[in-house]
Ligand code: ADP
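Form predicted alone, single chain, as structure tokens, below.
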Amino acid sequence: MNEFNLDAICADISVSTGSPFQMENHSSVAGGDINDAYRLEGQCGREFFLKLNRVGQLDMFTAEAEGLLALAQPKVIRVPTVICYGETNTHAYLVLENIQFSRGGASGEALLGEQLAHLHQFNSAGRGYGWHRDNTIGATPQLNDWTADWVAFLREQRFAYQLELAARNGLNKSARDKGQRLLDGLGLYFESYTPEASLLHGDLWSGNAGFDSDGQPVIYDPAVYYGDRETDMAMTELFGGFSADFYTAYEQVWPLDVGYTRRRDLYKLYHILNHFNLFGGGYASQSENIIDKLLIYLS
């Protein structure tokens, strides 16, 4: 671990917490595709969660830290506390509180749905859709320029950008042409629906949500912006892992629009395209299949 310059990171923890931190042990934490992660253990049972990436990736961690602070602001759902972030001569790093995770059960899942609905009720206060800065979705840049019109935001800063990356990464011409047809007709999905600019987690799959030792929901690894809350809900359905209790509780607080089922695949497509751009493989055919399905509505 000496190659990670832990002395500098521990010194930053000491300054940020106002209490000297001497690391006594460390262990690797599995589960991430983008960053390396470690649990740092110190004196008196103090523990921290460390994320590492290569030099030059500090901006990604800065955006993540700002996203966690934004999600914490409404005080409706727990997120890890940001301790510090910075860059050594070898790595960029982000240090968070270390949370001991447990099982939430049916009551925890229901509480997660309820709290997420309340989080989505926190809006951009008239600034439109976007955020004050760009961030990342996985390792892919995510554009967040403030935009007054949701369809324009979705077209230019989500799908057009992902399709441009996909073209560079080898997505076939047929899928690209179909994608352009989808963008041209995007407004038809929103003829009678104008979403509120809700505060979003932005990357809410089951691997980015859990429960602390008291069974309280925790969300983390965000890609925050203000947009249609349906995008978060569609992401929860993309890879599964959320129970019926979660969805029932969400709907009891803030029912989804009746057109959600028609737009759900549209919002899933953004993440499938991003997975193609990150990992390639079968995500290309999956992207084209979803586009084919979406185009039926436009025909």
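The first residue of the shown sequence is 1; numbering continues from there. Values in this document were obtained by computation on a predicted structure and should not be read as measured data.
Keep in mind that the form predicted in complex with the named molecule is not shown, yet the notes after this line are about it.
- Looking at the named molecule in the model of the complex, residues 33, 101 and 207 each place a heavy atom within 4.5 Å of it.
- In the model of the complex, residue 161 stays away from the named molecule, with no heavy atom inside 4.5 Å.
- At least one heavy atom of residue 220 is located within 4.5 Å of the named molecule in the model of the complex.
- Taking non-hydrogen atoms only, residue 51 approaches the named molecule to within 4.5 angstroms in the model of the complex.
- Within this chain, residue 80 lines the site of the named molecule in the model of the complex, having a heavy atom no more than 4.5 Å away.
- The partner is not drawn, yet in the model of the complex one stretch among 119-127, 180-188, 220-228, 165-173 has residues with heavy atoms inside 4.5 Å of the named molecule: 220-228.
- Just one of 97, 149, 145, 156 comes within 4.5 Å of the named molecule in the model of the complex, counting any heavy atom, and that one is 97.
- Between the named molecule and the residues 253, 29, 69, 55, the one pair within 4.5 Å by heavy atoms in the model of the complex involves 29.
- Contacts between stretch 180-203 and the named molecule, counted in the model of the complex as any heavy atom lying within 4.5 Å, involve no residue at all.
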